[in-house]
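The chain below stands alone and is given as structure tokens, in the form predicted on its own.
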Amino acid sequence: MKEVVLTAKEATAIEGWSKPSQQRSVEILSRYPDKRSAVMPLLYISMIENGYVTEDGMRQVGLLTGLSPAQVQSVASFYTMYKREPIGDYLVGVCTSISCFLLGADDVLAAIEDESGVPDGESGGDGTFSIEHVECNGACGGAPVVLVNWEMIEGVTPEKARELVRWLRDGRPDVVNTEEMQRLFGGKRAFDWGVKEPVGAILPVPAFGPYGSVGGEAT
């Protein structure tokens, strides 16, 4: 990794970010020969800091990477995992691509909408849930697939989907862990999983150490 020292302008751009996020930004930039290549991970840092990808956040990322706000926006608007509106603590996605659809994904999504009181594509007023349908997650053999903060559960039925929503709403887990949720709410898997993953997501962004979005072992 190369050594990165932020210019005064770059440092000022993110001075409102937490110290850990500022440090993570520097570490991320050090991994890329060209700063502009760090735009995607830095957008996640911005999303963590602001709750979603804001206009100011895109300008901040632009200053860090040497890109214009329009260039940063073109990335943030292309990838659906970057949310440009406030989202709930638990981002619940249901795959509705063909394999999941044929095995009842629409019924699973309807059960989640009904149990949470939040329609597809919207966020609840209390900030607990955001509900969405998503495209294929590569686990067609374990359809239907549900994601909570991008942690995957395979073989979910409408009944188990309702239980999942109640578990999230009533228990408010700090960490959502794919192993735990699969055991509690899942069914058939596409394949046997390999190494057990004891950590999980603590935010509605992918669980990844360099972002600061990973939590300890779920209870």
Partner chain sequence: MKILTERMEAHRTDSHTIERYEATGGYTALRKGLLELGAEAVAAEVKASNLRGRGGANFPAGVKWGFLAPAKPAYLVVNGDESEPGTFKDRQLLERDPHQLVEGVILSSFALDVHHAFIYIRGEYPKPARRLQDAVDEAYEKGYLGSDILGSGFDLDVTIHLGGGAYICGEESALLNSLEGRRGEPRIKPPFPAIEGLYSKPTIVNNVETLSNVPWIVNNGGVAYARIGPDTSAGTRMISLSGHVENPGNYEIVMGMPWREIIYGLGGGIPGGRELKAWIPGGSSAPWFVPAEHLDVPATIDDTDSNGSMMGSGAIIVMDDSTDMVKAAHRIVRFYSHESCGQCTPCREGTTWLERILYRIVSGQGRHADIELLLDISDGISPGLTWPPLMTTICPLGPSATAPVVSLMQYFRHEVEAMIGDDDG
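What you see is a predicted model, and the numbers here were worked out from it, not measured in a lab. Residue numbers count along the first chain shown, from 1.
Keep in mind that the form predicted together with its partner chain is not shown, yet the notes after this line are about it.
Visitor: Check Ser46, Thr128 and Trp167: does every one of them have a heavy atom within 4.5 Å of its partner chain in the predicted complex?
Guide: No, none of Ser46, Thr128 and Trp167 comes within 4.5 Å of its partner chain in the predicted complex.
Visitor: Within 4.5 Å of its partner chain in the predicted complex, heavy atoms considered, which of Gly155, Gly62, Pro41, Pro158?
Guide: Result of the distance check: Pro41.
Visitor: Is the gap between Phe185 and its partner chain in the predicted complex 4.5 Å or less for some heavy atom pair?
Guide: Looking in the predicted complex, residue contacts with its partner chain do not include Phe185, since no heavy atom lies within 4.5 Å.
Visitor: At the 4.5 Å heavy atom threshold, is Val199 in contact with its partner chain in the predicted complex?
Guide: Result yes; Val199 sits at the interface with its partner chain in the predicted complex.
Visitor: Looking at the partner-bound form in the predicted complex, is Asp114 within 4.5 Å of its partner chain by any heavy atom?
Guide: Asp114: no contact with its partner chain in the predicted complex.
Visitor: Although the partner isn't part of this model, could you tell me whether Tyr52 comes within 4.5 Å of its partner chain in the predicted complex, counting any heavy atom of the residue?
Guide: It does not: once its partner chain is placed as it appears in the predicted complex, Tyr52 has no heavy atom within 4.5 Å of it.
Visitor: Are there residues in 100-139 with a heavy atom within 4.5 Å of its partner chain in the predicted complex, and which are they, in order?
Guide: Residues within 4.5 Å: Phe101, Leu102, Leu103, Asp106, His133, Glu135, Cys136, Asn137, Gly138, Ala139.
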